[in-house]
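Take a look at this one chain, the form predicted alone, written out in structure tokens.
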Amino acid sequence: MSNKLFIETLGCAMNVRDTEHIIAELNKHDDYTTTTNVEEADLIIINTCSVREKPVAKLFSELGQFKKKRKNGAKIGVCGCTASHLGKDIIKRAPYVDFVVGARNVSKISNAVKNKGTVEIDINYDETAYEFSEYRNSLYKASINISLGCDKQCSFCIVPATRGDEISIPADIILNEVKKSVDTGAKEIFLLGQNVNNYGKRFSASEEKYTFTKLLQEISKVEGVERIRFTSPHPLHMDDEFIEEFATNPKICKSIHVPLQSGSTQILKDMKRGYTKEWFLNRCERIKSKVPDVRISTDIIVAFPGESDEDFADTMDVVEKVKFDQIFNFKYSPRPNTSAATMEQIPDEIGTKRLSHLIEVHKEHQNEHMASNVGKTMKVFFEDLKPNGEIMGFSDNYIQVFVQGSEELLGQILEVKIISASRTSLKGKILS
């Protein structure tokens, strides 16, 4: 009988992909199968996030619960970004934890499981040439890393301290993984990196000059690839060549994440983002002019240290001008190993008020956007069967769409007439 693995994933799409790699490695070396029941698991892993304070606090709460629920002999491990920056301190605070594996050391997971007390947290360990076994959560979509780490030094962000310097994965390895994914049923390829459009700046070994735009072109040539998505591009690297490829390549989904963080040029300077309010607006305007139905999402931090009322007004000005389709909004949270943590902090009540205002304005924009889709026809890629007789999929510009349907629609891209809208999703009818 195989061993049973329970794994909980916190954080971003890269953490989700790391979890798939963990499962693949354990399947390959130790014959593990996954379970959703922590009480029957032989191995319990929490794959962590440290971008904000809340997930870090959740880690130790979850570990305490796992300790209570685990069966005799079950091992507990911590992986991911919090593992990278806390390392041995995790075992000091929770001595029942058997091993700790950082975000840049996933290929070492099998060995760590077998050796109690293992702590592998080298943030500059190079896994770019390591080819993980094939495993993915979806039959129809494949997430693929194109780079590791981050070479930016944003003053609020802990990622460089947990994932190390940015290194691009060789294009031939990426393309091979794309081909393997397509051969096993994937139609959509989701490219992952901290700054995907900085791809090719640095490889571990000598490589020919390679840009993200060229990588998109090569992936789109792979037979069987029908959709390409990616996250996250950096506004600083959104040159005209990249925007032109995004606009004109029919396989690239017309949804793009453009992380703003702040609309104030001064705050952007303090954040060390490398661009101005004017540059950001120019890039979004250019994208919208070339792709009228584009869906633009963003990240915004309110109450960053030193943010004045005028700075926040600049952020709201960008929000009003761009009218983002989706905003991941956060109140600033000081993170260890970042320069912003030592700056003068904004009172919590001011941050709460600003965040509430941003959320309310964004809700109005969402309602306008979604209502404008009623009556349109969209191509929807169906991927999830719901228990109420509905099936869910995503449009080309990545809006969630529900229709009445059954299992045979899974993995198909079909035309749908939109008949109603809520703030977060659409309902439609398949056109025969």
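Please read these numbers as outputs of a predicted model, since none were measured by experiment. Residue positions are given as counts along the sequence shown, with the first one as 1.
Below, we refer to the form predicted together with a small molecule, which is not included among the displayed structures.
Asks: Any idea which of 329 to 337, 128 to 136, 200 to 208, 222 to 230 reaches within 4.5 Å of the small molecule in the model of the complex, heavy atoms considered?
Replies: Going by heavy atoms within 4.5 Å, the stretch is 329 to 337.
Asks: Only one of Pro170, Pro259, Gly306, Gly274 has a non-hydrogen atom within 4.5 angstroms of the small molecule in the model of the complex; which is it?
Replies: After the contact test, the surviving option is Pro259.
Asks: Given that the small molecule is left out here, which of Val78, Cys81, Ile301, Ile189 has a heavy atom within 4.5 Å of it in the model of the complex?
Replies: Selected residue: Ile301.
Asks: With a cut-off of 4.5 Å between heavy atoms, is Val51 one of the residues that contacts the small molecule in the model of the complex?
Replies: Answer yes; at least one heavy atom of Val51 falls within 4.5 Å of the small molecule in the model of the complex.
Asks: Report whether the minimum heavy atom distance between Ile144 and the small molecule in the model of the complex is within 4.5 Å.
Replies: Answer no; every heavy atom of Ile144 is more than 4.5 Å from the small molecule in the model of the complex.
Asks: Test of understanding: in the model of the complex, would Leu86 fall inside 4.5 Å of the small molecule by heavy atoms?
Replies: Although the small molecule is absent here, Leu86 would stay clear of it in the model of the complex, with no heavy atoms inside 4.5 Å.
Asks: Would Met238 count as touching the small molecule in the model of the complex under a 4.5 Å heavy atom rule?
Replies: No, no contact at 4.5 Å.
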